[in-house]
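Below, in structure tokens: the form predicted on its own, a single chain.
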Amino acid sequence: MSQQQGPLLSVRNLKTYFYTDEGVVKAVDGLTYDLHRGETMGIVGESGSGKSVHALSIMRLIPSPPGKTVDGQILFEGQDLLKLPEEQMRKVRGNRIAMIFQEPMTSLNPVLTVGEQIAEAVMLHQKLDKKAAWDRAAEMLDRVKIPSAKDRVRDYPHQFSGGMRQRVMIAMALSCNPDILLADEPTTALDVTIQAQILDLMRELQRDFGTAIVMITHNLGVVAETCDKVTVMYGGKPMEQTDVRRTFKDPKHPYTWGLLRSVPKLYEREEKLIPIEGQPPSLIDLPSGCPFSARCPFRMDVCTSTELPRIEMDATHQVACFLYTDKATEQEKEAARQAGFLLSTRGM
């Protein structure tokens, strides 16, 4: 992984809200991270944590109304995408920054062949003629290991299996050699064998093209296998951010502990999984302070009344939790240390 003098993508205090009749949905509320060229950032959390909305915000695909990015910056090579005119943004979207959407069958056009859909993007962004664009479409299908790619380029989406449709989506996203690939749950609904093949394929293509990847997932196994850095989100907010090793070996946030404890281990068959009690909060009526407070076993009075702090454990590890401030007693801090220590010794 090569890191140039600065990040390729910088998300700064991103806030994307939806204004509904019931109230304001704070889908993303203060997300910040840096992504360097060739790096993979994992965005992990339960459904409704803001993972997909953050990606759509980067692509400027938030439907308005009711959605709006109300604050923050999305700096791509130093240029704020939120301030670009739509005409310039279209030159970035699908070309410099591409996205694999969550469900390929609803993202692919059922009345166009897969070749037409890939060639359309190539002709638009790469300015190739029709024949060259179709050749590129066949080449990309071959790159993602679809057999008989030159023939299948004329097939329709319904003629492909789920795993093959996902490969088509990857081929389409990478057809213009993007600098950044936003992968929104790219292995959802695939069996584990196909899932492994898709992840291997993405790693191979990343090595070949030098693409930076934002891997959006709820699957910690995918995070462990593919990511360099991890952002754990809950209730639209980043709870913990660090490198992938420390996410599993030295997690600090109670929500991260809860996620890790709920993952089964093949070599610990007798161990009982510990679910996170309760349900995620409504984003319309988020509690004051920490959104995880209602489900947190280490909850303190300050957690429900004060704005979340952003604690720098060190230069590469940030956590949003009052356990690491002077608001927590020594007894509370010791209980948290023990919980983190026990988790780190389980072979995560």
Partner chain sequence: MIRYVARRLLQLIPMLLGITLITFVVMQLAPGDFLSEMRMNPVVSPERIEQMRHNFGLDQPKPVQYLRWLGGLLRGDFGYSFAFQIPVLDLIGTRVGNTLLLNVSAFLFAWVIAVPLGIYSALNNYRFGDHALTVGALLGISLPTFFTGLLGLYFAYETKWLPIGGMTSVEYDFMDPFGKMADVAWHLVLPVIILGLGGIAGLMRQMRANMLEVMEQDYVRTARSKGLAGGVVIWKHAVRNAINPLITLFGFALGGLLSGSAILENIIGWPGLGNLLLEAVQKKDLYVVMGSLVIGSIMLVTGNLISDLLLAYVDPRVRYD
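Residue numbers count along the first chain shown, from 1. Please read all numbers here as calculations on a predicted model, not as lab measurements.
Not on display, but discussed next: the form predicted together with the partner chain.
Although the partner chain is omitted here, in the predicted bound form none of Cys227, Asp243 and Glu312 has a heavy atom within 4.5 Å of it. The shortest heavy atom separation between Pro110 and the partner chain in the predicted bound form is within 4.5 Å. None of the heavy atoms of Val214 is located within 4.5 Å of the partner chain in the predicted bound form.
Contact check for Ala138: every heavy atom lies farther than 4.5 Å from the partner chain in the predicted bound form. The partner chain is not shown here, but in the predicted bound form it comes within 4.5 Å of a heavy atom of Gln117. Of the candidate stretches 33-41, 301-309, 54-62, 316-324, only 54-62 contains residues with a heavy atom within 4.5 Å of the partner chain in the predicted bound form. Distance criterion of 4.5 Å from any heavy atom to the partner chain in the predicted bound form singles out Ala121 from the list Ala121, Leu75, Leu84, Ala132. For the options Ser161, Thr106, Ser148, Gln79, the one in contact with the partner chain in the predicted bound form, meaning a heavy atom within 4.5 Å, is Thr106. Along 229-245, not one residue places a heavy atom within 4.5 Å of the partner chain in the predicted bound form.
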